[in-house]
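Listed next as structure tokens: two forms of one protein chain, kept apart as structure 1 and structure 2.
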Structure 1
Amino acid sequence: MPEPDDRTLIKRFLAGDRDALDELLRRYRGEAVRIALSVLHNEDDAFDAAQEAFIKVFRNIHKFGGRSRFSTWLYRIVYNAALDVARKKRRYVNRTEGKGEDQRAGNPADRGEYAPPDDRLARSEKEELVRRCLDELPFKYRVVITLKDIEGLSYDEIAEMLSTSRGNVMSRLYYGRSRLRKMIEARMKR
């Protein structure tokens, strides 16, 4: 039996179906936390931002007109909630464009920032390296790469989320991935 689509679940939620809420949360909570993480670098803050966003979304879900996908609408609110947390905590990372790709030093875990749990043995060293390098990319690149390559959003969806143009998304992906590749290659040579 096929899973109900988002619109069906939203209708059921509006009709008071608690299971529909659980299903929508289960479907999108991981992505929401990852998007918040790409802004915040801190797991606890990312969970807080995701929680805040979900509450706003479900309290205002009657205003969701369905012109875009539910996920795009949700991610946009998550992204804004994360920016809000960042603003409150002054957790702006790599704010200045083009002034060095790593304005921080050392291991993120050493700074109390987000580090993936180390209990997943299957992860290769290369994946860890990619994650670390992505974490150190300037914000504007890190976000679009996360949205495209990890969350699988289209250019149009990313442009809508970030209030920018499709051409800008394309450009950021090009420069961001080029920079990321150079960082990875440089570290693999060490």
Structure 2
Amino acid sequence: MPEPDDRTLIKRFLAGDRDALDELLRRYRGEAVRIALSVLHNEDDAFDAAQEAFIKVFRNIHKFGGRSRFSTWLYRIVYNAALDVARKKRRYVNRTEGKGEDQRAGNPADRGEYAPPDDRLARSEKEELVRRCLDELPFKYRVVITLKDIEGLSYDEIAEMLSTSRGNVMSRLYYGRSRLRKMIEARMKR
């Protein structure tokens, strides 16, 4: 039996089925934490922001109008919750916890865990280099790269989340990728 789509789960929740919202949020939990982590660079803060976002979703699900996908609406709430946490703590950058940990979900083969040890080490070192360079990018570039290249959102979804134009997203992505590439190349020459 296929899983119900997001809109079906929303309708079930609004009709009184509390488990429907749990299922819906479980579906997006990983992505929500990764988006918050891209803003906050601290795992504990990212989980707090995702939790705050889920509470807001619970309280406001009746306001979801369906003009966009549920995931886009949710990610916008997560992004804003992460900004709120960052403002409260007065920090945006310099992840102090979780350095070197693989934040991505997926099966072990996707992460290269079944590759030969030397290949895994080289891949791990490259991933850490990319993560460090990404962390050093200005926020406006880092967030669009994370949302597009890691989370796989469309230009339009990112524009909606960030309350900006599609062209602005494309421009930030272009310049952000260019700066990231130069930073990585410079570090690899060392």
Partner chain sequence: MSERKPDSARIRKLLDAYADGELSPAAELEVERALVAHPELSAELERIRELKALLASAAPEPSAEKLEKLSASVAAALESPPAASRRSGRVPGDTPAFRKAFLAIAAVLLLLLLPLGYYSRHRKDAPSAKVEEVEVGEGSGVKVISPEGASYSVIRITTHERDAVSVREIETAEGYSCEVVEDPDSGDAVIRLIPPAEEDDRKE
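Numbers given to residues start at 1 and step along the sequence of structure 1. Throughout, rigid core stands for the largest set of C-alpha atoms superposing within 1.5 Å between the two forms. Note that the coordinates shown come from a computational prediction; the quantities given were computed from them, not determined experimentally.
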Is the form predicted on its own shown as structure 1 or as structure 2?
2
After the core is matched up, is the C-alpha of Arg12 off by 2 Å or more between structures 1 and 2?
yes
Superpose on the rigid core, then tell me if the C-alpha of Leu21 is displaced by 2 angstroms or more between structures 1 and 2.
yes
